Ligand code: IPD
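Just one chain follows, in the form predicted on its own, and it is written as structure tokens.
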């Protein structure tokens, strides 16, 4: 039966579909990646292989979602914008961590989230090269490969391992470097993994204590934010604003406030 705007979707069913599709996309990206994907050659090539793989992954994901739920909306990083009438919208990042994929660094992921009436209710971040799948439904907790996960207990800034990321624009990177220059002496250390979705999942499972970044887009944030939140993290922007491309901070309560105040003083939400 076709989904209509009079029926509310079950988040667990949305998640089941998202996991199936994300894992299929991950298999495509592993199997079809050229064995000799030369970095310099790809960057100078008229046809960017990485862009081709991004688009192939997004096409697979979009087609599978629309086949299962033809009346849902879809928003994808590579330009997919499809309207719907069910109140469900899928946010798709076909490769989060494209540069890592290009260099064959294992930290890249496929991120798919489902919104119901504007609120994310289900999300998956699949990390094919590490063989891990992070999932969450709103109110249902967060899991890695089916096992419940939780954030680390809050620590002081001086003990906190903090993940972050940097933008592509040189002016933005210069500002971010200044923020890091002030932060680095204050924390245990910094990690730059190269995938926003993985960073949020690593907060969720305790591989890092906190994460912040300016610049990630809705499709980068949606699934990972739900996973981190369901694992016990506070995920927000500065001064009570929601997490957004302006600035996203994720950490357990207690550490979140310390990191928030330091980033607010540093102007981390400005270029």
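Please read all numbers here as calculations on a predicted model, not as lab measurements. Residue numbers count along the first chain shown, from 1.
Unshown form predicted together with the ligand; subsequent notes refer to it.
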property: Option from 121 to 129, 150 to 158, 186 to 194, 80 to 88 whose residues, in the predicted bound form, bring a heavy atom within 4.5 Å of the ligand; result: 186 to 194
property: Partner contact for residue 220 in the predicted bound form: the ligand, 4.5 angstroms, heavy atom; result: yes
property: Touches the ligand in the predicted bound form: residue 213 (any heavy atom, 4.5 Å); result: yes
property: Contact label in the predicted bound form: residue 165 to the ligand, heavy atom within 4.5 Å; result: yes
property: The ligand contact in the predicted bound form: residue 95, any heavy atom under 4.5 Å; result: yes
